[in-house]
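Take a look at this single chain, the form predicted alone, given in structure tokens.
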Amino acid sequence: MMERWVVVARIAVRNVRRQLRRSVLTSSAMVLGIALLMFVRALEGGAHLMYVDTATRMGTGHIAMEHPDYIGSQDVEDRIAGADLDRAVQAVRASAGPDELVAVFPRVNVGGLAQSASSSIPVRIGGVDPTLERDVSFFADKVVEGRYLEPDDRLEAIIGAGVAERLRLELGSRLVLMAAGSGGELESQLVLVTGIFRTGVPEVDRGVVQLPLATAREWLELGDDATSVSVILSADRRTEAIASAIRQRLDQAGVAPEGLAVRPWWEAMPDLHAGLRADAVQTYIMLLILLAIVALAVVNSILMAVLNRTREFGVLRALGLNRRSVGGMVMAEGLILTLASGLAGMLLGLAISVGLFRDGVDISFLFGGDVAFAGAVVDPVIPPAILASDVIAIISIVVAMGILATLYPAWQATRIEPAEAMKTDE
């Protein structure tokens, strides 16, 4: 039995080589289609990595630790106690290696009002540690006037460009912030505008104010407490494993999940995660349609080859090959053709992605500047990124396409009768 299938495979390889012109013409469309799929997914993968990096530095970090009730209330009453905060930081440093952990820092985030001499607007007030966040904060890179917060600052604050426009503020202007403190009473804090940032996300630019963490704690009477702890990692691939390790260490330290929730970014930012998944699915659907058209061309080519080799199949049947072996030979030809084309297409796509466009693809002409997506903004020059999941998906698509494209031609080949086939010159 094994010898028969070896013979079938050798005949299939010979047939592919014998009809070299047909094989090259058939595979060329598949090579280009798969190369396009590889490049588009690499470009989209690079964009997604940039979205995640930007969103984590703007908001929750790769891992967010908060009181479970704070997720819904956004109230300082549902905050992390100072003792649990210290345990959380220790758990992070013990769970992530020094090459994996970029920064871990507490924050105080609260909704409130910003009031100037002209008017008042609702804003999101963030108390941040300038020493810990200066090198990783997205806002530090987006300051367009003045400067970012510094370690010695106390009454200084940075505001979004939209906040400055709505309240008619400029550098050095006085701004009164109002929010509910730990006792539930409305507390006021006077600050001076030392910097204005522009992120490109309207809801952020029009509604975010940051001031030093120490000032926020003193103003809201929080002591050493914080509303959240953000963890920034060097790469996203181990986020889930590190989050699980942090949770285990907190359990061992006596910090229950009811007192401190540990959430990776896709749980802390579900809108972004859903948007990225929908974007990937949409791309795959569009490219699958393209590859389906290519697969039809493969079906047509293999089917025509079968119909033009009626006499050959009749001779093979007469020499002892059964229907199953003949069908297997046709399928082997199709699989050899599609796998070779798939490999060539992936190599071409890889060469285009990391060779021709290794410095990135500038898509600013499509958007007129930075690209915003699900509340995150990225540079319009996107470097392609080859993800292992995409390579596995493309290989699976190629194999499935090879099998499906040869089923009908192989079935047609099994229907050929030796006696009838010998009567034709084809």
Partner chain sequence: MVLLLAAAGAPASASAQADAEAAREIVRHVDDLLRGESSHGRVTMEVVTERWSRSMGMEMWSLGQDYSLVRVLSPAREAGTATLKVDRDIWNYLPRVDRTIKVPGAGMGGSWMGSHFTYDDLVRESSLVDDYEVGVSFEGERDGEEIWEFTLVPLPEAPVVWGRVELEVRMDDRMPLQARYYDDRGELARTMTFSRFRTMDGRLVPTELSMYPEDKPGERTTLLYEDLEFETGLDASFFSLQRLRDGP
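Residue numbers count along the first chain shown, from 1. These numbers come from a predicted model, not from an experiment.
From this point on, the text means the form predicted together with its partner chain, which you will not see here.
With the partner omitted here, the stretch from 204 to 212, 185 to 193, 339 to 347, 79 to 87 that lies within 4.5 Å of its partner chain by heavy atoms in the model of the complex is 185 to 193. Taken together, the three residues R57, V102 and A140 lack any non-hydrogen atom within 4.5 angstroms of its partner chain in the model of the complex. Residue in contact with its partner chain in the model of the complex (any heavy atom within 4.5 Å), chosen from A278, A117, I293, A256: A117. The single contact residue among E170, D152, D271, D135, judged by any heavy atom lying within 4.5 Å of its partner chain in the model of the complex, is E170. By the criterion of a heavy atom within 4.5 Å, V176 is counted among the residues contacting its partner chain in the model of the complex. In the model of the complex, its partner chain stays beyond 4.5 Å of every heavy atom belonging to G97. When its partner chain is considered in the model of the complex, G72 lies well away from it, no heavy atom lying within 4.5 Å.
Although the partner is absent here, G112 sits close enough that one of its heavy atoms falls within 4.5 Å of its partner chain in the model of the complex.
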